[in-house]
Each structure stands twice: as C-alpha cells, then as structure tokens.
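In the form predicted alone, a lone chain appears below as structure tokens.
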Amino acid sequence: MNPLDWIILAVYLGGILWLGTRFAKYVSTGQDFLLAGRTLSWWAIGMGIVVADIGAYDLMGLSAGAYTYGISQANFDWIGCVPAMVAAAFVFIPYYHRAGIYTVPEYLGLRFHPLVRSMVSLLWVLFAACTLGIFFHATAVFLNTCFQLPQVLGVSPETTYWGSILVTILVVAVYTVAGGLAAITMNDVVHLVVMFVGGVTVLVLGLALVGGPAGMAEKIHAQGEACRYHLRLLVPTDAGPGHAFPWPATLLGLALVLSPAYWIGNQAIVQKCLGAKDLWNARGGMLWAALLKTAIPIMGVIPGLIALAAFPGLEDSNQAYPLLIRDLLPVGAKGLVVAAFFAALLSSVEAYASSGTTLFLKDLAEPAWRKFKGASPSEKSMVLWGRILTVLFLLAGLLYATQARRFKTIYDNMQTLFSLFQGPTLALLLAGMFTKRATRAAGIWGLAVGVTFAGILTWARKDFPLLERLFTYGLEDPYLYVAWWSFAAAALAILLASLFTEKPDPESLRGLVYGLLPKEEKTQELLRSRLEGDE
C-alpha cells in the first residue's frame, strides 16, 4: 500500500464513523434503535438490503467459489436472488408491514405456537453469531494476504489474525451501538457506492491483465479436465465431486428453497423493510435491491475466474480476491478497493449484529420480561439492552471465527449454516400464510423434524449409506440437497401433524392467513393483543 492508499482508506473509515455516530441523538426508543423509527425511504432500504446481503464474504466467497467451481457460482445471485426478491416485494413484505411486526419469528409464534417463535429465533440468533465469525475470518484472510501483515509487522500469523478481527469489532461497534438501524442504513448507502466503484475497478483491470474475456476463457480451458465446466452456468449431474452445484441441486435446493427462505425469512434482510415509513417504500426498497443485485455476480464471480487464469493452482481459493488487489492494482486504486472490501465487511457485520440483537430482544428477552415482571420493559431499557447485546454479538463472533477455517470456501461455510434451518422455516412460512388447516402443534413438529433431518444429512449422513446415496448424491458439500430435503421433511411433518391435531378456529387466524386480513390498523391491534395473550 502506497501512502496515498492509506490516506484514502483512513478518510473512508473516519467518514463512516463520523456519519454513524451522528445518529445517536435520534435514538430514544426501542423502535428508533431497532427499526430506525420506521422512517426509512425506498432508496436507502434497497441499498441497505444489497450490502447487508453481499458483504465481505461475497466479495471473497463468490470469487473463491468461482475459482473452485466456475461461473455456476453466479446462480446464487441470478437464480437465487432476483425471482425471490420480486416475490417478497409483492407478497410477503406487504404482509409483514401490515402486521407491524418486529421479527419474522414473531409472526410464526402468532400463527403456530409461542414455542415455534422461541425455537426459530434461537436458531437465527445462533446463526447470526456464527455468521459474524465467518465475516471476521474473511477479514483476517484478506488483510493477511493483501498486506502480508505477519512479514511487515514481524509477528506470527495468529497475532495478526486476531488483531485484524479486534480492530474490525471496534470500528463496527462504535457507530452500530450509537445509532442503531438508522446509522447502519445511512452508512450502507455510502458502503454500496464505494463497493460498486471498487468492484468495477478490479473487474476492468483484471480483464485487461488476462487479455479480456476471450483470453480469460482460453487460459481457463488450458488448465484441463479440472476446469471443464468452469464456464458453464448449469453444471451436469455427472460433473464429478469437484463441482458442488449440479443443475438439480441448483433448481431444487437453491431456486425453490434457500432463495425464497432467505429473502422472505432472513431477519437481517426483512428488518430493513420493516423500518420503512410506509408500505410503498417497503415494497419499492426490495424491488430496487433486486435491480442492484443483478450486477453483483459480475463484480464477484468474474474476478474469481480472472484469478484462476492469472494465479492457477492456489491451495486456498479464499486468497483469489485479495491477490488480485495486492498484485494488480495501481496506487490509489488499491486504497479504494480495500475501502470497498471494508465497506462490504462492515455492512454485513452491522446487519447481522443488529438483526441478532432484535431477535434476542424482541423474541426471547421481552416476552420473558413481561412474564416475570408483568409489564413491558421501558423504552430506555430497550435502547440500553439493545446496545449491550450488539456488543455481545460482536464478541460472540470471535468464538466461531476459528471454525470457519475448516470449510473449503467461505461461501460453503455460509450456505451450510443456512441449509440447516432455512428449509424448515420456509415450510412453516408457506403453510402458515397460505393454508388455514395447518395447526399450532404442526408448526412445532414441522420445525423439529426439518431441522433434525438437516442435521443428519449434514453431519451424520456417512453413517447411513442409504441417506448418503439417496439424498446427498455423495457430494462433499451437499448443502443444496440438504435444503431441499429438509424442506420436504418439514412440509410432510406439518401435513401429517395437521391431520391428527385439532383444526384451528378460523377466528384465531384473522390477520395471519391470506384471505383473513382486516385493515392494517385493526391487524396490528389484533396481533398485538393476541401476542401478549399467548405469552
């Protein structure tokens, strides 16, 4: 890094700290901290959704996945995002906004049983903490590869690994704890602009290095059989164990399960829309995000293919993106792209720390408070505990950071965690919103069976050869198949449990099922009273 690069990076980090802390004076209630007082506009929501989704693990993870598997990695954004985002904008987000909920588990608890709310929220809380660990690991890999910190500082790689993580936690904690969701969203707008400029810079200079698209393709094909399908968007089923995304897994596990489950059930995403000033802005924010998402594979996947052409034979594909930055970029551009990486990292960390805090506070802590104290906590207490929990979530990410090293790529790590509960969650959401027959007990059975089946397919499938052969097709990282089959198992459990348990009273479903929606104000009043009654 040239001094000019360091100046650019320092100005960027100082600017976002200044911008984020300025929102502290607007935070006086729990709604202010968790949902920005429901004042967000569509353009800020859309940009916030994109940066919360793509994050640092995408800039590195998409490139690492493309280096290892090829352009089929782009399906996670094209097939795996845009269609589900449009469906979310027109079907699910309006419903959430009408209900006036804070969290997705809050709806599931109303529709099925308070235990379902607690179970789903706990799963998401654990997932958020693990996700933070993945982001911290990505930071350490990036900084150690790009800046060669152990050699420059004369210390061990472990020292620079943990030092990088601690610095990241400190930067994010300052403005996330101070300003809540409003500070996060406004910084996200800045993050997205910087990320797009930095991503395009890497793309243009990288293609110039390898001789353009044609030169890149020629160099990849020259690497032989291992790269035979690297330039095919849909990979055949006989591609072999080195290719994790054969087309049946892409269509069943990704397009039909992981994608819709993510865009309609992920608290880090939905929370941005719940902070909208009105329904029009909530829906418009998701559609604006869908348009922006179409560009992400170009900035994430193509650099991975460029790195494969320029640096063949890397033992750790997670180093692909950092190496492009370190070895290709001129003075000034390097500082800008490093700032773009930090933009992606910070936006992801702040989104999952905020969503984890909201889930714990609203779905686990507040109901317990009301049960034992007989009243809701004060607004001052909500803000205080929101800030404390945000710090605790950032520290919890440290516990998972070392486990992230065990996975082949950062993206594999993230999607494996998603597949453990996204399928069952989607089954509950669909059954809850679109059927009147699904019973309260069915929600508990569906979630328990689906998550258990996902865990067996992920960790114990090799102990059951029949499961290995029928449900995961012998893939080393079968998370797409895990998502599909856990969804099917949960849906079947919901169906069977509903047949053998008492049919719900139609009046108890008002405001919870399509076809039984009163006006917005009455929906919120009805659901509030029912939620407090269940607790």
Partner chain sequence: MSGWAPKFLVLGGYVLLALWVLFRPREECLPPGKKKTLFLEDLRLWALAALAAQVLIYGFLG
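On a predicted model such as this, the values are computed, not experimentally measured, just so you know. Numbering follows the first chain given and starts at 1.
Same protein, other form: the form predicted in complex with its partner chain, not shown, and the subject of what follows.
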query	finding
Partner-proximal stretch of 121-129, 259-267, 209-217, 76-84 relative to its partner chain in the predicted bound form, 4.5 angstroms, heavy atom	76-84
Partner-contacting position among 327, 158, 379, 278 - heavy atom within 4.5 Å of its partner chain in the predicted bound form	278
Heavy atom within 4.5 Å of its partner chain in the predicted bound form - residue from 197, 234, 399, 204	234
Close approach of residue 284 to its partner chain in the predicted bound form, 4.5 Å, heavy atom	yes
Residue 471, heavy atom within 4.5 angstroms of its partner chain in the predicted bound form	no
In the predicted bound form, residue 288 touching its partner chain (heavy atom, 4.5 Å)	yes
Residue 385: touches its partner chain in the predicted bound form, heavy atom cutoff 4.5 angstroms	no
Full three-residue contact with its partner chain in the predicted bound form, heavy atom 4.5 Å, for 42, 71 and 90	yes
Sequence-ordered residues of 123-139 touching its partner chain in the predicted bound form, heavy atom within 4.5 Å	none
